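This document opens with one chain alone, in structure tokens, the form predicted on its own.
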């Protein structure tokens, strides 16, 4: 026969349910406080606010238990105001169309607060049409030739790759890159999404790559760590890369889009998650942001198909780049997030016509993915530049003999790092 609950156990049960109304635990006797702490842990109720209540009591036994369990304060950064970020963010736009008026006007409420870097596709003739009222730098083919110099033989900024020249020229801490065939999306309430602010939130709150949280990003408003998540890992690590998503035209490959021409992405999922360490993902440069100081050199134009075209289905360069930067982030103990913010991607290109051009890349991915999954870097690689050089060496050794495309990619990666260092040494 079960014993009836004691008054103490009933009191502790009530405290667990009503923790949100408790502001002080210092008056609680130490032996009861210890029992309450143990029950709080078992119930999975310990969060930052409750941990602070226990620490504030100053009770020696409580502090000793917290230390022995390696429970750390969970520091949620306070996001700086938008004004602070004015001088820390560059928005990079690769221009593949001659008239950016409609694109810029639709983004004006969000772009007008920040500095823009617009890079004109070097194969696009004539002057770009850009509306007034933006703080921007425009780079054209002549600027690219002047800056890149002899490296131009190995590095191509043609097509979507022109965005990488913007990354190269930026000196700000954060870079947000959005393609010119995307416009602001709307959330499930029909409100325009501020993609810029959401990217900044992703980059300035910790990532959690070393243990998966099943309720998505625990640093998002209204979320927290789930029961069983190690407290020693709850402080997280810095986020190096934020991969936003898009509505309408999803990022399918040419074979999938050809077979399912009417397949669209219409689901708005209000979530962000950290991609686990040692897990690869197909990054797309359509809507991304990154910490330029931490991983900037790892976002590079290197992997070019022999018959590469101009539209998304005809390129796989950003997928290669994404795997490079993920290996770098894993090695340097940085996080990669995926999910919010969304943009609305407009139609561009024909999947059926692009199929022949992209098919080479589809086949090569069967070698690329296992390679990046197996790459391990040395302890001496302590910066993104170091990591890229080591990855390039491994590409040359292990993938180079399989296909000349890989050998060229390795060469380009090395040239990119030389160029990156040269420009920042001036």
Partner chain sequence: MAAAAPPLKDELDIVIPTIRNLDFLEMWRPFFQPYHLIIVQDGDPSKTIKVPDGFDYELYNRNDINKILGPRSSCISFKDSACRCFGYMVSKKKYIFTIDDDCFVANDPSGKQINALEQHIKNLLCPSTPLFFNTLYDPFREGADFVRGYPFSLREGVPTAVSHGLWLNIPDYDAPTQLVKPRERNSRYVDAVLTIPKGTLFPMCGMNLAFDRDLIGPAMYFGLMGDGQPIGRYDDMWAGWCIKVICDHLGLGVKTGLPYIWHSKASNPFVNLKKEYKGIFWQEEIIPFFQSATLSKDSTTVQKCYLELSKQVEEKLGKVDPYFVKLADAMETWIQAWDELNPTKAN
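Please read all numbers here as calculations on a predicted model, not as lab measurements. Positions refer to the first chain, counted from 1.
Below, we turn to the form predicted in complex with the partner chain, even though it does not appear here.
- Heavy atoms of residue 135 never reach within 4.5 Å of the partner chain in the predicted complex, leaving it off the interface.
- With a 4.5 Å cutoff on heavy atoms, residue 271 counts as touching the partner chain in the predicted complex.
- Within this chain, residue 318 lines the site of the partner chain in the predicted complex, having a heavy atom no more than 4.5 Å away.
- Although the partner is absent here, residue 234 is a contact residue: one of its heavy atoms lies within 4.5 angstroms of the partner chain in the predicted complex.
- Residues with any non-hydrogen atom within 4.5 angstroms of the partner chain in the predicted complex fall in just one of 292-300, 104-112, 337-345, 119-127: 337-345.
- When contacts are defined as a non-hydrogen atom within 4.5 Å, all of 214, 275 and 281 contact the partner chain in the predicted complex.
- With the partner omitted from this view, the residue of 60, 397, 366, 379 that lies near the partner chain in the predicted complex is 366 [heavy atom within 4.5 Å].
- Using a 4.5 Å cut-off on any heavy atom, the residues of 241-274 that reach the partner chain in the predicted complex are, in sequence order, 245, 246, 250, 251, 252, 253, 255, 256, 260, 263, 264, 265, 267, 268, 269, 270, 271, 273.
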